[in-house]
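Take a look at this one chain, the form predicted on its own, written out in structure tokens.
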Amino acid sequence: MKDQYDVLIVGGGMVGAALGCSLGGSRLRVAVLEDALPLTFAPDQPHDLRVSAISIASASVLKTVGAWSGVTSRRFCPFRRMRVWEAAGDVEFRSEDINEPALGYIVENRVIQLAVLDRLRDFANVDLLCPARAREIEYSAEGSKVELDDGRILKGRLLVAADGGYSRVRHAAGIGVSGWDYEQQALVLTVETAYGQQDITWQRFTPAGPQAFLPLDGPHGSLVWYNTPSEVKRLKSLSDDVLRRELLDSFPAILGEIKRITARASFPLKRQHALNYVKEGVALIGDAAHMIHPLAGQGVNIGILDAAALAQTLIGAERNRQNIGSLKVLQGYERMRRRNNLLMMTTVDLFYQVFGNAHPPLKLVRNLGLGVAERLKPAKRIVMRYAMGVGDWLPKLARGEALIG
């Protein structure tokens, strides 16, 4: 019985491990499979390139499952203001407008993963199997099997895909996707600035593509420069000093002086949405279910909310003596998440299309729209509360309500 589980989670990244923590302390026997542990953290290490803007809702999930202290004891940066602008229009969001201490937190992905993996080890009902690489995944509605490289065979009543956008679990279960590639890439840079600690994240729209700044702790920040693949390739080929001058020439003066570039990378932009989140005996969460344009920084957040909603569904089903792998049970999770995720994905796409278009009438409309948004305070607060993750529509963990006890 050692390798027989109620829930087999393939993927121990931020979202998969968050699901494991959310099921921690329940009567369900859970396994989390992860290829390799992230590098250990030291305060004097340079900042990682891969960072996320963690919403209030996501932070609440991590707090409720006991993992947030693993973030705050390492490294993070709260932001209290967010500004979006283009030419004649702009709008600034402030945390005091929704009576919150912060709009969100910029955290390195590795720090989040380390925090949730650390917390996983505290739960007697959860096994973290790492390193554990799946050699073969055999999906079955009645219960699936995962054969590891070391020959072990794990069995689970419910198989969970938390293994990313190119999910092997999703493929094994025969769930298709829809999507497309955007005609832009993102150049991501970690920089040291002349400014000290900042509390604002901003995004400016230009004819060539958006430019964004995310504050990190101390005099550091993460820059995201969206542009054509050819231009991103050219920028990546430049020396640090030449690229630094290009940034100062192209980014707005609000950025201030860039003292040095410490890291850089680029990635293509892609949208993808699974045709279904569930089948009998299998559920998809995070990037396995959806890949969203990074413009609004919602990818990790909607994944963590997936984990919270699936945990709520499974613990409720187990408490009511229902089959956790049944389609009827799992469709409850899909109803909680698919519509909200699709709304977020469509909104971001619409934002991308409207602000990425240089057609004069659209430019006038969007500048007017930003101006109106700045003046209509009630509507602005509604948008902020939804984007930041504040409201009764959220899963219980995101509202600070424990699932166990």
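Heads up: residue numbers just count along the shown sequence, starting at 1. All values derive from a computational prediction rather than experimental measurement.
Absent from the display: the form predicted in complex with a small molecule. The rest refers to it.
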Taking the small molecule in the model of the complex as the reference, which of 325, 156, 104, 297 has a non-hydrogen atom within 4.5 Å? 297
Please identify the residue among 29, 63, 338, 50 with any heavy atom within 4.5 Å of the small molecule in the model of the complex. 50
When the contact criterion is heavy atoms within 4.5 Å, does residue 274 count as touching the small molecule in the model of the complex? no
In the model of the complex, residue 301 touching the small molecule (heavy atom, 4.5 Å): yes
With the cut-off set at 4.5 Å between non-hydrogen atoms, does residue 20 touch the small molecule in the model of the complex? no
With the partner left out of view, is residue 162 within 4.5 angstroms of the small molecule in the model of the complex by any non-hydrogen atom? yes
Given the small molecule in the model of the complex, answer whether the residues 10, 133 and 267 all have a heavy atom inside 4.5 Å of it. yes
Of 342-350, 39-47, 65-73, 52-60, the segment with heavy atoms within 4.5 Å of the small molecule in the model of the complex is residues 52-60
